[in-house]
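Taken one at a time, structure 1 and structure 2 that follow are two forms of one protein chain, written as structure tokens.
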Structure 1
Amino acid sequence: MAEEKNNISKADFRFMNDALVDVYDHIMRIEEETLRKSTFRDISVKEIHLIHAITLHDHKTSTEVANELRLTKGTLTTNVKTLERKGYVKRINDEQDHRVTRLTLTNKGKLLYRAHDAFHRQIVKSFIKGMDGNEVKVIKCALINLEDFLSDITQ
């Protein structure tokens, strides 16, 4: 009640901090378990994040994807190689520039992408469950605050 703006009670801090931390761990764990029990049991969470980065339609280059995921090019090469072996990803040789290889998902890869996306949609839906437009706005605002804060640190 007597909460001051920009000043947060110890209890609120504890709650929000723990929630933010726990939620993330929890999501990762569920992603892992869900994958294990699905048709895609040969895929790890790290691998699905690579599949997500490759996306459905834009044929990004290896370097682009590596930068996005903040992996070295060497690491990306090996990761792509195993996903190619498992049948989720295809390399395409760029016609213009023969040095670059572009990455794309196979049908199996696209299927997995969509399943993963659906799971995330559920998460977001549950996040704002029962809220009206105004309340959703508050959540969005909080996320923008946080993104701004984080960007400021790194500038």
Structure 2
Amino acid sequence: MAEEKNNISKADFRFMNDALVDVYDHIMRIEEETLRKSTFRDISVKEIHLIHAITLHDHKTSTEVANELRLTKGTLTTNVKTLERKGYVKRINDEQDHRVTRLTLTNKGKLLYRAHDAFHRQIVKSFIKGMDGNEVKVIKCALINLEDFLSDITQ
């Protein structure tokens, strides 16, 4: 990875670092507290993110979801079995290749997905509030840089 020189003050760097940590922590705490108070109190934040990765309509394969979440197939299978037992996820055989397992959400899983997705939509709307198109492009670029960095260090 080539390191680029950014013209950023130490104070701005510290602010951005602290803000990223605080935002991540705050979102996780809100999700945990909201789940505990809801009808979905039988599920963890990690499980809700698995449900989010499965999505509403795609019927992704187990391998696709495992790769997306950077999980081993064994870890994913364990988590899917738990979500299946709790009534959020259903495994179905692929119609063309019965060796392939696809994942789908039950009605209960879809309800949880929609509630979680609405929260994330609120986060994004509040994050870009008052920004013009150019500012949104800068934020998008910064997020892509961050995703790329995180992908590189986890491979």
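Since the model is a prediction, treat every value here as computed from it, not as a measurement. Reference numbering: structure 1, starting with residue 1.
Form predicted alone, given as structure number: Structure 2 is the matching one, since it is the form predicted alone.
Please determine whether V80 and I128 lie in the same rigid part of the chain between structures 1 and 2. No, the two C-alpha atoms fit different parts' superpositions better.
In whole degrees, what is the turn of the smaller rigid part against the larger between structures 1 and 2? Value: 18 degrees, smaller part relative to larger.
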